[in-house]
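Given as C-alpha coordinates, the chain that follows is alone and in the form predicted alone.
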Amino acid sequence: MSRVFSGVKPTADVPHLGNYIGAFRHWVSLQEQHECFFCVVDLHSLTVPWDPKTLSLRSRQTAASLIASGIDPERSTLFLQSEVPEHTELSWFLTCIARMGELSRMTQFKDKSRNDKGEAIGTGLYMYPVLMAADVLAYRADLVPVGDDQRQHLELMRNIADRFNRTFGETFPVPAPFIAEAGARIMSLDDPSRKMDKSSSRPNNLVWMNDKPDIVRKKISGAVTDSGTEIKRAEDKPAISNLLAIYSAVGGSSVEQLEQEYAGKGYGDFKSDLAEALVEFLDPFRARYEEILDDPAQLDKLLDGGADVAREAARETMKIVREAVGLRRPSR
(Lines give C-alpha, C1' and ligand atoms only; values in the text may rest on other atoms or scores of the structure.)
Protein backbone atom coordinates (compact mmCIF):
# COMPACT_ATOMS: atom_id res chain seq x y z
CA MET A 1 0.00 0.00 0.00
CA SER A 2 1.07 3.59 -0.52
CA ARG A 3 2.06 5.38 2.67
CA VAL A 4 0.22 8.57 3.64
CA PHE A 5 1.28 11.23 6.15
CA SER A 6 -0.57 14.30 7.32
CA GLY A 7 -0.58 16.42 10.44
CA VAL A 8 -2.73 18.96 12.22
CA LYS A 9 -1.61 21.73 14.54
CA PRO A 10 -3.36 21.87 17.97
CA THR A 11 -4.53 25.47 17.76
CA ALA A 12 -8.11 25.04 19.00
CA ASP A 13 -10.16 22.83 21.33
CA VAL A 14 -11.93 21.18 18.41
CA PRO A 15 -11.80 21.53 14.62
CA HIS A 16 -14.33 23.62 12.78
CA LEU A 17 -16.58 22.32 10.03
CA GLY A 18 -14.20 23.52 7.31
CA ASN A 19 -11.37 21.44 8.82
CA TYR A 20 -13.53 18.34 8.74
CA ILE A 21 -14.96 18.78 5.25
CA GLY A 22 -11.71 19.98 3.70
CA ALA A 23 -9.36 17.52 5.42
CA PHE A 24 -10.44 15.04 8.07
CA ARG A 25 -13.18 13.27 6.14
CA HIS A 26 -10.68 12.58 3.36
CA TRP A 27 -8.18 11.22 5.90
CA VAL A 28 -10.87 8.81 7.08
CA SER A 29 -11.35 7.58 3.51
CA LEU A 30 -7.60 7.26 2.89
CA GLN A 31 -7.11 4.87 5.80
CA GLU A 32 -9.27 2.32 4.01
CA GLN A 33 -6.71 1.75 1.23
CA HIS A 34 -3.39 3.18 2.48
CA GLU A 35 -0.92 2.88 5.33
CA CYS A 36 -1.63 6.13 7.16
CA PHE A 37 0.36 8.15 9.69
CA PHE A 38 -1.66 10.99 11.23
CA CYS A 39 0.14 13.32 13.58
CA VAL A 40 -0.71 16.11 16.00
CA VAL A 41 2.13 18.47 15.08
CA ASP A 42 2.54 20.08 18.49
CA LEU A 43 6.10 21.25 17.75
CA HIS A 44 4.75 23.53 15.04
CA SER A 45 2.78 25.37 17.73
CA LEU A 46 6.06 26.68 19.14
CA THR A 47 6.66 29.06 16.22
CA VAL A 48 4.57 31.68 18.06
CA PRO A 49 4.31 32.43 21.82
CA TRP A 50 2.48 29.63 23.62
CA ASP A 51 1.10 28.67 27.01
CA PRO A 52 2.47 25.25 28.08
CA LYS A 53 -0.71 24.11 29.82
CA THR A 54 -2.90 25.13 26.90
CA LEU A 55 -0.60 23.40 24.41
CA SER A 56 -0.66 20.16 26.38
CA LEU A 57 -4.45 20.21 26.71
CA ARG A 58 -5.09 21.09 23.08
CA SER A 59 -2.76 18.39 21.84
CA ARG A 60 -4.91 15.80 23.60
CA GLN A 61 -8.12 17.45 22.43
CA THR A 62 -6.90 17.47 18.84
CA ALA A 63 -6.08 13.76 19.03
CA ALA A 64 -9.55 13.12 20.46
CA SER A 65 -11.06 15.17 17.63
CA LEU A 66 -9.34 13.04 15.02
CA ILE A 67 -10.64 9.84 16.57
CA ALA A 68 -14.13 11.32 16.89
CA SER A 69 -13.95 12.29 13.21
CA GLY A 70 -13.37 8.66 12.24
CA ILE A 71 -9.61 8.09 12.39
CA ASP A 72 -9.23 4.53 13.67
CA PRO A 73 -6.06 3.96 15.74
CA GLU A 74 -6.34 0.25 14.90
CA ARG A 75 -5.92 0.99 11.18
CA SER A 76 -3.93 4.22 11.21
CA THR A 77 -0.95 5.37 13.26
CA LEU A 78 -2.04 8.34 15.38
CA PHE A 79 0.57 10.08 17.55
CA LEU A 80 2.04 13.32 18.87
CA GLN A 81 4.92 14.74 16.85
CA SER A 82 6.97 15.66 19.93
CA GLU A 83 7.04 12.03 21.07
CA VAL A 84 9.06 10.96 18.01
CA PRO A 85 12.46 12.72 18.26
CA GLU A 86 13.45 11.62 14.76
CA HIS A 87 11.32 14.49 13.40
CA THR A 88 13.68 17.09 14.83
CA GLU A 89 16.78 15.02 14.07
CA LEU A 90 15.88 14.73 10.39
CA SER A 91 14.92 18.40 10.34
CA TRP A 92 18.57 19.32 11.05
CA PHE A 93 19.85 17.23 8.13
CA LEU A 94 17.29 18.87 5.83
CA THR A 95 18.06 22.33 7.20
CA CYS A 96 21.63 21.88 6.04
CA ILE A 97 20.57 21.34 2.44
CA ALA A 98 17.66 23.81 2.36
CA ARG A 99 18.31 27.22 0.83
CA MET A 100 17.61 30.57 2.47
CA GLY A 101 16.15 31.88 -0.76
CA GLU A 102 13.46 29.22 -0.96
CA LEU A 103 12.56 29.62 2.72
CA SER A 104 12.36 33.41 2.33
CA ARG A 105 9.83 32.94 -0.46
CA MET A 106 7.35 31.09 1.75
CA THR A 107 4.15 33.15 1.77
CA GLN A 108 3.46 32.94 5.51
CA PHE A 109 6.96 34.14 6.40
CA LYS A 110 6.80 36.92 3.82
CA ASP A 111 3.44 38.14 5.16
CA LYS A 112 4.57 38.08 8.79
CA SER A 113 7.93 39.72 8.17
CA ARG A 114 6.29 42.41 6.04
CA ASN A 115 3.87 43.31 8.82
CA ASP A 116 6.43 43.20 11.63
CA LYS A 117 9.45 44.27 9.55
CA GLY A 118 11.12 41.01 10.58
CA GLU A 119 12.27 42.35 13.94
CA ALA A 120 9.89 40.32 16.12
CA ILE A 121 9.72 37.19 13.96
CA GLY A 122 11.10 34.08 15.61
CA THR A 123 13.43 31.87 13.61
CA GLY A 124 11.01 28.99 14.17
CA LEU A 125 8.54 30.63 11.78
CA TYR A 126 11.28 30.88 9.16
CA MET A 127 12.46 27.28 9.60
CA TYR A 128 9.23 25.40 10.25
CA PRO A 129 8.68 24.44 6.57
CA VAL A 130 11.83 22.33 6.91
CA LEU A 131 10.39 20.62 9.98
CA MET A 132 7.21 20.06 7.98
CA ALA A 133 9.30 18.36 5.29
CA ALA A 134 10.96 16.20 7.95
CA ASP A 135 7.54 15.20 9.31
CA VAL A 136 6.67 13.61 5.99
CA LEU A 137 10.07 12.36 4.86
CA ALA A 138 10.74 10.62 8.20
CA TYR A 139 8.12 8.08 7.11
CA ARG A 140 9.11 8.07 3.43
CA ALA A 141 5.49 8.85 2.65
CA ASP A 142 4.17 8.69 -0.90
CA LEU A 143 1.09 10.89 -0.50
CA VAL A 144 0.41 14.03 1.55
CA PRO A 145 -3.18 15.25 1.96
CA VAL A 146 -2.88 19.04 1.92
CA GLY A 147 -5.12 22.02 1.61
CA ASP A 148 -4.82 24.38 -1.29
CA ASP A 149 -2.95 26.84 0.93
CA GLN A 150 -0.22 24.25 1.60
CA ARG A 151 0.80 23.65 -2.02
CA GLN A 152 3.84 25.92 -1.64
CA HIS A 153 5.11 24.02 1.41
CA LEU A 154 4.65 20.71 -0.36
CA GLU A 155 6.60 21.93 -3.36
CA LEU A 156 9.45 22.94 -1.05
CA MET A 157 9.29 19.50 0.54
CA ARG A 158 9.52 17.86 -2.88
CA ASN A 159 12.49 20.06 -3.80
CA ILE A 160 14.33 19.15 -0.58
CA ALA A 161 13.67 15.42 -1.05
CA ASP A 162 14.86 15.56 -4.65
CA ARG A 163 18.00 17.53 -3.65
CA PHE A 164 18.82 15.02 -0.92
CA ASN A 165 18.40 12.11 -3.33
CA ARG A 166 20.61 13.72 -5.98
CA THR A 167 23.29 14.56 -3.40
CA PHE A 168 23.38 11.40 -1.29
CA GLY A 169 21.61 8.74 -3.36
CA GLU A 170 18.00 7.61 -3.58
CA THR A 171 16.66 7.81 -0.02
CA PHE A 172 13.20 9.38 -0.04
CA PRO A 173 10.17 8.96 -2.26
CA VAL A 174 9.31 12.42 -3.58
CA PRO A 175 5.87 12.84 -1.99
CA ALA A 176 2.88 13.70 -4.15
CA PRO A 177 -0.02 15.88 -3.01
CA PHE A 178 -3.47 14.51 -2.36
CA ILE A 179 -5.76 17.49 -2.81
CA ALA A 180 -9.46 16.66 -2.72
CA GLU A 181 -11.37 19.11 -4.85
CA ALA A 182 -14.83 18.49 -3.39
CA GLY A 183 -15.20 20.67 -0.33
CA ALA A 184 -11.54 21.64 -0.40
CA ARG A 185 -12.33 25.24 0.47
CA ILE A 186 -15.28 25.75 2.80
CA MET A 187 -15.81 29.46 3.16
CA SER A 188 -16.96 31.70 5.98
CA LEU A 189 -20.67 31.85 6.74
CA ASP A 190 -20.62 35.63 7.02
CA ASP A 191 -18.18 36.38 4.20
CA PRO A 192 -17.94 33.81 1.39
CA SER A 193 -14.81 35.50 0.04
CA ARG A 194 -12.86 34.19 3.05
CA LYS A 195 -12.23 30.69 4.39
CA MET A 196 -13.66 29.60 7.72
CA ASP A 197 -11.04 30.84 10.17
CA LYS A 198 -10.64 29.85 13.81
CA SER A 199 -8.41 32.87 14.44
CA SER A 200 -11.06 35.30 13.23
CA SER A 201 -12.61 37.78 15.65
CA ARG A 202 -15.98 37.03 14.05
CA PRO A 203 -17.38 34.00 15.93
CA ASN A 204 -20.25 33.47 13.50
CA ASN A 205 -17.93 32.93 10.55
CA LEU A 206 -17.72 29.20 11.31
CA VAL A 207 -19.37 26.19 12.90
CA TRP A 208 -17.34 24.31 15.50
CA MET A 209 -17.67 20.53 15.38
CA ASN A 210 -18.96 20.50 18.97
CA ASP A 211 -21.40 23.40 18.62
CA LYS A 212 -24.72 22.60 20.26
CA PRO A 213 -27.88 22.37 18.13
CA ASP A 214 -29.30 25.79 19.01
CA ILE A 215 -26.00 27.46 18.17
CA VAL A 216 -25.77 25.62 14.85
CA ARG A 217 -29.30 26.68 13.91
CA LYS A 218 -28.56 30.30 14.82
CA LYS A 219 -25.34 30.41 12.80
CA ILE A 220 -26.91 28.87 9.70
CA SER A 221 -29.94 31.13 9.98
CA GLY A 222 -27.63 34.13 10.08
CA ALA A 223 -25.42 32.99 7.20
CA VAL A 224 -25.28 35.50 4.37
CA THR A 225 -26.96 34.73 1.05
CA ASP A 226 -26.74 36.22 -2.43
CA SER A 227 -29.12 38.52 -4.22
CA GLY A 228 -32.02 36.77 -5.88
CA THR A 229 -33.73 33.63 -4.63
CA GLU A 230 -32.42 30.82 -6.84
CA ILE A 231 -30.67 28.00 -4.99
CA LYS A 232 -27.98 27.20 -7.50
CA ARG A 233 -24.19 26.91 -7.56
CA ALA A 234 -22.67 29.69 -9.67
CA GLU A 235 -19.65 31.98 -9.70
CA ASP A 236 -21.85 35.01 -9.07
CA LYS A 237 -23.55 33.26 -6.11
CA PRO A 238 -20.63 32.50 -3.75
CA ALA A 239 -22.70 32.44 -0.56
CA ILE A 240 -25.32 29.92 -1.66
CA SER A 241 -22.62 27.90 -3.47
CA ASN A 242 -20.79 27.59 -0.17
CA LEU A 243 -23.93 26.52 1.69
CA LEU A 244 -24.67 23.96 -1.02
CA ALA A 245 -21.16 22.53 -0.63
CA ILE A 246 -21.67 22.22 3.12
CA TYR A 247 -25.09 20.60 2.70
CA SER A 248 -23.71 18.13 0.16
CA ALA A 249 -20.82 17.17 2.47
CA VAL A 250 -22.95 16.55 5.55
CA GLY A 251 -26.14 15.32 3.91
CA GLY A 252 -24.79 12.96 1.27
CA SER A 253 -26.66 14.38 -1.73
CA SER A 254 -24.76 15.92 -4.62
CA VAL A 255 -25.00 19.65 -5.25
CA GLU A 256 -26.95 18.90 -8.44
CA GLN A 257 -29.49 16.83 -6.50
CA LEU A 258 -29.89 19.62 -3.95
CA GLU A 259 -30.41 22.17 -6.71
CA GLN A 260 -33.24 20.03 -8.11
CA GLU A 261 -34.76 19.42 -4.68
CA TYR A 262 -34.89 23.13 -3.85
CA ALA A 263 -35.88 24.41 -7.27
CA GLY A 264 -38.61 26.99 -6.74
CA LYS A 265 -38.06 27.10 -2.97
CA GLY A 266 -36.67 29.97 -0.96
CA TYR A 267 -33.56 30.51 1.11
CA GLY A 268 -35.53 30.13 4.33
CA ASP A 269 -36.55 26.52 3.67
CA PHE A 270 -33.09 25.66 2.40
CA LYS A 271 -31.26 27.10 5.42
CA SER A 272 -33.69 25.50 7.86
CA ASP A 273 -33.18 22.07 6.32
CA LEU A 274 -29.42 22.59 6.16
CA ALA A 275 -29.34 23.47 9.86
CA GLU A 276 -31.19 20.28 10.80
CA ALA A 277 -28.96 18.14 8.58
CA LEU A 278 -25.92 19.72 10.19
CA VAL A 279 -27.25 19.17 13.73
CA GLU A 280 -27.84 15.49 12.92
CA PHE A 281 -24.38 15.22 11.39
CA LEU A 282 -22.54 16.80 14.34
CA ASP A 283 -24.30 14.91 17.14
CA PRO A 284 -22.21 11.70 16.83
CA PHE A 285 -18.95 13.67 16.74
CA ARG A 286 -19.81 15.60 19.90
CA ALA A 287 -20.83 12.44 21.77
CA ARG A 288 -17.73 10.51 20.70
CA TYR A 289 -15.41 13.44 21.46
CA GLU A 290 -16.75 13.76 24.99
CA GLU A 291 -16.53 10.00 25.50
CA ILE A 292 -12.85 9.97 24.52
CA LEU A 293 -11.91 12.85 26.78
CA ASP A 294 -13.79 11.24 29.67
CA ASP A 295 -11.35 8.28 29.50
CA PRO A 296 -7.87 9.86 29.53
CA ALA A 297 -6.14 6.57 30.32
CA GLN A 298 -7.50 4.98 27.13
CA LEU A 299 -6.52 8.03 25.08
CA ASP A 300 -2.99 7.83 26.49
CA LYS A 301 -2.84 4.14 25.64
CA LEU A 302 -3.84 4.84 22.03
CA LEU A 303 -1.32 7.67 21.67
CA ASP A 304 1.46 5.63 23.29
CA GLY A 305 0.80 2.78 20.87
CA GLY A 306 0.83 5.14 17.91
CA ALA A 307 4.09 6.75 19.04
CA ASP A 308 5.73 3.31 19.32
CA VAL A 309 4.81 2.45 15.73
CA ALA A 310 5.85 5.88 14.45
CA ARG A 311 9.22 5.79 16.24
CA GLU A 312 10.02 2.39 14.77
CA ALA A 313 9.25 3.59 11.24
CA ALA A 314 11.19 6.84 11.68
CA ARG A 315 14.20 5.04 13.17
CA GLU A 316 14.45 2.89 10.08
CA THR A 317 14.52 6.01 7.94
CA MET A 318 17.17 7.66 10.11
CA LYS A 319 19.45 4.61 9.85
CA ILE A 320 19.39 5.04 6.08
CA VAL A 321 19.86 8.82 6.30
CA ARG A 322 22.82 8.66 8.71
CA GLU A 323 24.62 6.17 6.54
CA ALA A 324 23.87 8.15 3.37
CA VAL A 325 25.34 11.39 4.75
CA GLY A 326 28.43 9.73 6.24
CA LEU A 327 27.61 9.61 9.95
CA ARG A 328 27.96 5.89 10.32
CA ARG A 329 31.19 4.94 12.12
CA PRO A 330 33.44 3.17 9.59
CA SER A 331 34.65 -0.36 10.31
CA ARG A 332 38.30 -0.70 11.35
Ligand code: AQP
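When you see a residue number, it is the position in the sequence shown, counting from 1. We call the rigid core the largest set of C-alpha positions that still match within 1.5 Å between the two forms. Since the structure is predicted, the reported quantities are computational estimates derived from the model, not experimental observations.
The following text describes the form predicted together with the named molecule, which does not appear among the structures shown.
One stretch from 193-201, 74-82, 220-228, 159-167 that, in the predicted bound form, holds residues within 4.5 Å of the named molecule by heavy atom: It is the stretch 193-201.
All of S248, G251 and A275 with a heavy atom within 4.5 Å of the named molecule in the predicted bound form: No, none of the three is in contact.
The unique member of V216, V146, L258, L131 whose heavy atoms fall within 4.5 Å of the named molecule in the predicted bound form: The residue in contact is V146.
Contact test in the predicted bound form: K9 vs the named molecule, heavy atoms, 4.5 Å: Although the named molecule is absent here, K9 would touch it in the predicted bound form, with heavy atoms inside 4.5 Å.
Non-hydrogen atom contact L189 with the named molecule in the predicted bound form at 4.5 angstroms: No, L189 is distant from the partner.
Proximity of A23 to the named molecule in the predicted bound form, heavy atoms at 4.5 Å: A23: contacts the named molecule in the predicted bound form.
Contact flag, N19 vs the named molecule in the predicted bound form, heavy atom cut 4.5 Å: Heavy-atom contact with the named molecule at 4.5 Å: present for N19.
After fitting the core, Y262 CA displacement of 2 Å or more between this form and the one not shown: Result for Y262: no, shift under 2 Å.
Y128 C-alpha moves between this form and the one not shown by 2 Å or more, core aligned: It does, since the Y128 C-alpha is displaced 2 Å or more between this form and the one not shown after the core fit.
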